[in-house]
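Shown next as structure tokens: one chain only, the form predicted alone.
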């Protein structure tokens, strides 16, 4: 099995992803598709008059400020926009795709953070009404059963807290945890850039290979959400995944290109 995570940022070519996925599934590959919904959430939040807010941790990682209302908008964007778009695109190409959220069947479960630290105007603040967490357990048995029955799971956040609340989980890191739980050889993280860039946004500065011993150095190069992708790559390798590729979801045959090593390869 191969876990393919499709970024939720603007510019991703969902048709190209679905076409390539369908061709590979017809050729015998078994895929688990994971996706985010950042751009769809931002767009919907603006339309609803409740714009998204981003917080930055003391370590420099950025994330969505997820109060309860934002969580509801996030769910609408992921499950009401991105997930059905991917399921429709795959079904039109003959793939029996099944849309799921990380809550369904307790697919992704983790602790809800009791407090989130963020830097605001140069000082550290504590946020206690945030609905975020990190996936700690994956219902791999459910995914194996679905794939074995001929379905292609298409999974989106949110996950489920240990207290059975929805939580905003990072889709890159959730995909990494999923690939590790399934014992996958390869994890693909497809985005709206060609890979990790040494000098963002100059795409000619792509870093083509990162050894697992150099993950921390690679994280130092990453900007914005790329930090989470590099973190996810490191977690997948630690979990037993042999190879992670950050590839370009704007091009034709994005899955095949990433499998061929086009992008940033972590191993």
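Residue numbers count along the first chain shown, from 1. It should be emphasised that the depicted structure is a prediction, and the values quoted were computed from it without experimental measurement.
Only in words, not in the display: the form predicted in complex with a small molecule, which the text now covers.
S.K.: Any chance 69, 106 and 167 all have a heavy atom within 4.5 Å of the small molecule in the model of the complex?
M.R.: Spot residues vs the small molecule: no contact at all.
S.K.: Among 100, 86, 73, 197, which has at least one heavy atom within 4.5 Å of the small molecule in the model of the complex?
M.R.: Filtering the options by heavy-atom distance leaves 197.
S.K.: Considering the small molecule in the model of the complex, which of 95, 143, 181, 193 comes within 4.5 Å of it through any heavy atom?
M.R.: Exactly one listed residue reaches within 4.5 Å, namely 193.
S.K.: Within 4.5 Å, heavy atoms only, one stretch in 46 to 54, 59 to 67, 220 to 228, 236 to 244 touches the small molecule in the model of the complex. Which?
M.R.: In the other structure, the partner sits against 220 to 228.
S.K.: If you check in the model of the complex, is residue 9 within 4.5 Å of the small molecule, heavy atoms only?
M.R.: The answer is yes: residue 9 has a heavy atom within 4.5 Å of the small molecule.
S.K.: Under a 4.5 Å heavy atom criterion, is residue 39 part of the interface with the small molecule in the model of the complex?
M.R.: Flag for residue 39 set to yes.
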